[in-house]
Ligand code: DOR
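Only one chain is included here, represented as structure tokens and corresponding to the form predicted on its own.
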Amino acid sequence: MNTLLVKDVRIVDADHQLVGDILIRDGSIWALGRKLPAPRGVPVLQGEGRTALPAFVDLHAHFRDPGFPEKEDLLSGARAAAHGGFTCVSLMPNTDPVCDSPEVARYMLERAREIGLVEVYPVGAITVDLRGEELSPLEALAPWVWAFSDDGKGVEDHELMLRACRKAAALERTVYPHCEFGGLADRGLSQELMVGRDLWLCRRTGCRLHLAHISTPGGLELVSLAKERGLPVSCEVTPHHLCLTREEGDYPVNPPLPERETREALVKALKGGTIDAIATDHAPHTPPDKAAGAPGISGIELAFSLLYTRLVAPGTISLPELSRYLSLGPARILGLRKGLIRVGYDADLVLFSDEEFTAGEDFFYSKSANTPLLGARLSGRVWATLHRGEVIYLDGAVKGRDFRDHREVIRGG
């Protein structure tokens, strides 16, 4: 039986706050309260006044496995996720081979179970090889994936996307589009046109729709209108679109970093409830690829600290609000019993402190450190990550990699 007592923490989730202890048994939260007694023989994790949050759930990440081990693989990606406080990660299909067959999705799931750090939830490709010409075998993929996406590319063929939405609705799987038409210089308009089309397809077919990395006020306005009409739609925004601007440096990402006014509109939409989740779009690249202009940020390890430093610390949003978007919202989209610190929920937890740190190259467990935050001073450092009651990251060490003896931190009961 997996049993642990987490002592002396400030417990915060989307709905409540208290100071006390958390008793974990068999992977679930068993009890909450002040000065809980440690059952005989049960190890104790001394929180020493740190804050405990529900562990984070990332709906959008690239672990580059199979196909691009020089950038990332499932092991390094899982270590990076644990380091950043994430215990569940949805993996996009632009691997090599593309995740357009059950074999690739099964490989991701089996390899993740073998590693034993975090849960992965594969996304299957909408079209074969992401070419936008022929539907993938969605029926065969459905048992292994939770959603279908051609992430990085919008499916521009209307008839093809209509068929995909109808099949996804029948299979009870989510359509997860990258909303962008090619050939338009105005990237915002490009996004909004495809958001509008896909919302109409959602209305016509009844498919569940989750929109990737929305980055324009117009796109969010369309989502808000769709929700008012009761459509089964959700959307995400990235930490870098909420916290960084083009004026600070035009770091190449897709969609592009916003201007200051747009960033402020995204934050306003976050506070207003239009946005359902914050997703990292973790996109590791090698230095040569990044120098050649490859878009993307290696973001899963710094997502929480960036959001805490730029939004929570100055009072723009509260810590419970951040927990809603990093944990509860994405957990609900995936249908997981996670995202709250409640009796009966999975014991997926993050403990952090207000400690400041520098995000130097030696900070990262990912194989890639392509981020405009390299060398930045941030606060809100993750100290421990627990997955189903098991400590997978603690005080500078990930389980399975130099996981030093923590007898001074975890003591027998």
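For clarity, every value in this text was computed on a predicted model and none was experimentally measured. We number the residues from 1 along the sequence you see.
Just so you know, the form predicted together with this ligand exists too; it's not on screen, but the next bit is about it.
Among residues of the shown chain, G196 is not one whose heavy atoms approach this ligand to within 4.5 Å in the model of the complex. A residue is said to contact a partner when one of its heavy atoms sits within 4.5 Å of a partner heavy atom; D151 meets this definition for this ligand in the model of the complex. Under a 4.5 angstroms non-hydrogen atom cutoff, this ligand in the model of the complex has D281 among its neighbouring residues. Interface membership of S136, defined by any non-hydrogen atom within 4.5 Å of this ligand in the model of the complex, is ruled out. Contact with this ligand in the model of the complex holds for none of R10, S323 and H387, as no heavy atom of theirs lies within 4.5 Å.
Here the chain stands alone, but in the model of the complex its contact with this ligand, taken as any heavy atom within 4.5 Å, falls in 246-254 among 246-254, 80-88, 203-211, 224-232. Exactly one listed residue, out of T274, N94, T174, T127, brings a non-hydrogen atom to within 4.5 Å of this ligand in the model of the complex: N94.
Exactly one listed residue, out of H178, K338, K167, R263, brings a non-hydrogen atom to within 4.5 Å of this ligand in the model of the complex: H178. With contact defined as any non-hydrogen atom lying within 4.5 angstroms of this ligand in the model of the complex, the contacting residues in 295-318 are P295, G296, given in sequence order.
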